Structures are given as structure tokens and as C-alpha cells.
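Okay, so here's just one chain, in C-alpha cells, the form predicted alone.
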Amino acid sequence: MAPPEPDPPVVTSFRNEQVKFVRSLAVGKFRREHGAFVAEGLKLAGTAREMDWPVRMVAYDAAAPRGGFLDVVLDWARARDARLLPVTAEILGAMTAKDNPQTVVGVFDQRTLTLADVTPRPGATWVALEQVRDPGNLGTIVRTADAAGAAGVILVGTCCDPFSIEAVRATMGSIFAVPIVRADAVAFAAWAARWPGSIVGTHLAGTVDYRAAAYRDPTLLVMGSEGPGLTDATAALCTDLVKIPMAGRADSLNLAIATALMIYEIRRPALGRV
């Protein structure tokens, strides 16, 4: 058996070009320019490995204990010709602006699909988000879609970046498991007009309790932005407008929570068989 390859020299300077590159990906302009994003933590790197996601670089704490899962991730990255970058804990923290950095920071290719890639298969639930602005909400919805077995998430119109560090962090690794589709409003409207099942949205005009609605398979769930909700044009695409009842003084829910309620209600027949 060949001996393991030695680690590269430890990077101790913030002026290192690779360190500067990773830090630049905190800015959306550079993420788009390079088609790359950052994911922090050994758990997320492990999920990327499970999904065999294209990896460009793995920076890791040179002082971290070896012989465990970290070595598994590094071996995987090395086998895919990714750059390995051992760094100090201080530099690792600066890469993601965290005081308590994870052991690993990975740089991965961005992957998005188009509406042409979406097939409304029987039993599928797709989630469309119109003009979602909060990366934490977006990441949480991606994570929920993954947990409930939804087929993917469609971003309609001007949405926040699913590959920002905040959104990726909120997905807890589901960014590597859930297909992300981008579409403008006009293309989405034309595509949704051919959807064979229910198109469901929550709306102030909804009169049916979301727990009592009859969802026709496959289901397209459409949720609006954090403030205004669905635009009138997108609401008009829906075959079913439903409401989530409010018993207290609050008149609305956080977008991620409302979407989670809807996903789990729509997916209830499938989840009941799990």
C-alpha cells in the first residue's frame, strides 16, 4: 500500500491568494463571477461527499485531530483534484467571519437548474418561492423540503442568493441534496399554466383551511415574499388558495414556518408511509 500523501504546508498569512479567494466568496458578485460558494463544517463537507458534489477546495484547521472523518473528507477531495489548504484556526474563522470556526471550509461549484429540467412526476411536490428576500428563510425552506421529501425548490423572480453563506448555513447540508431552479416571473407563469396537478398558495383571499384542502398530485406549492406575499399575477396561477388559521393576535407567520406547515400537510400521505 502506498503511504498517504503529506499535507501541503500550513498557510499562516491572510495575504495568501487562496485565502483571499475564499474570503471574496462572501460577496455575491464574486460568487456569480466564479460560479462557486462556501460551505462550512465537517458535516456539510460530508454531505457534499455523499452527493459527490463538485469540490474545488477544502481548507481545514491544521491543528485538528486526524485519523477520523476529516481524513475521509480530505481523501475524497484529493481524489477529485481539489486543492487542500491547511490553515490556522484564526484564518479559518476569517474565511466565514465566525469567532468559533468549524474544522473545515469547503469551496464548491454552484449548481442550478432551469424549468426545462423539472418533470412533474406522480407523487412529487415542488416548492416555488416568489421574491424571497431572507437567506435564513430560504435556507430553512430548502432544509425542510429535503426533510419532507419534496422534489426541489424553484426561485421565481428576484430572490436572495441560495449560495450565500447565510443561506447555505441554514440548509445544514441540504443545499447539496435539493435541486434549485431559477426562473423569471414570465417564464414561470407560462410553465405553471401547464402544471398537471394542484398549484397551491397561501393567500389572504384563501377561504379553505390548508388542512382541509384536497391536493391533487403532483403538487406545486407557491409561497410569496416575507412582506407582501404572493403577487396578484402569481396568485392567479393557483388552482387553490388556502389559509393558515390564526388564533392569537399575530396575523401572519414567518415565511419558513408557513412553508414548512404547507409542505408537511401536502406531503402527509407520503410521509405516513415512511
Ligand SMILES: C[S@@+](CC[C@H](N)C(=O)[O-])C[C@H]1O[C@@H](n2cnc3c(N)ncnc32)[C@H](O)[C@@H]1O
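When you see a residue number, it is the position in the sequence shown, counting from 1. Because the structure is a prediction, the values reported are computed rather than measured.
Missing here is the form predicted in complex with the named molecule; even so, the following discussion is about that form.
Comment: the named molecule is not present in this chain, but in the model of the complex one of 230, 36, 48, 62 has a heavy atom within 4.5 Å of it, namely 230. Put simply, of 25, 263, 11, 255 only one has a heavy atom within 4.5 Å of the named molecule in the model of the complex, and it is 255. Stretch 244 to 252 is the answer when you ask which of 51 to 59, 36 to 44, 244 to 252, 65 to 73 has residues with heavy atoms within 4.5 Å of the named molecule in the model of the complex. Although the partner is absent here, residue 193 is not a contact residue: none of its heavy atoms lies within 4.5 angstroms of the named molecule in the model of the complex.
Put simply, residue 217 is far from the named molecule in the model of the complex: not one heavy atom of it is within 4.5 Å. The named molecule in the model of the complex comes within 4.5 Å of a heavy atom belonging to residue 225. Though the partner is left out of this view, residue 143 does not reach within 4.5 Å of the named molecule in the model of the complex, counting heavy atoms only. Within 4.5 angstroms of the named molecule in the model of the complex, the stretch 196 to 213 places a non-hydrogen atom from each of 202, 203, 204, taken in sequence order.
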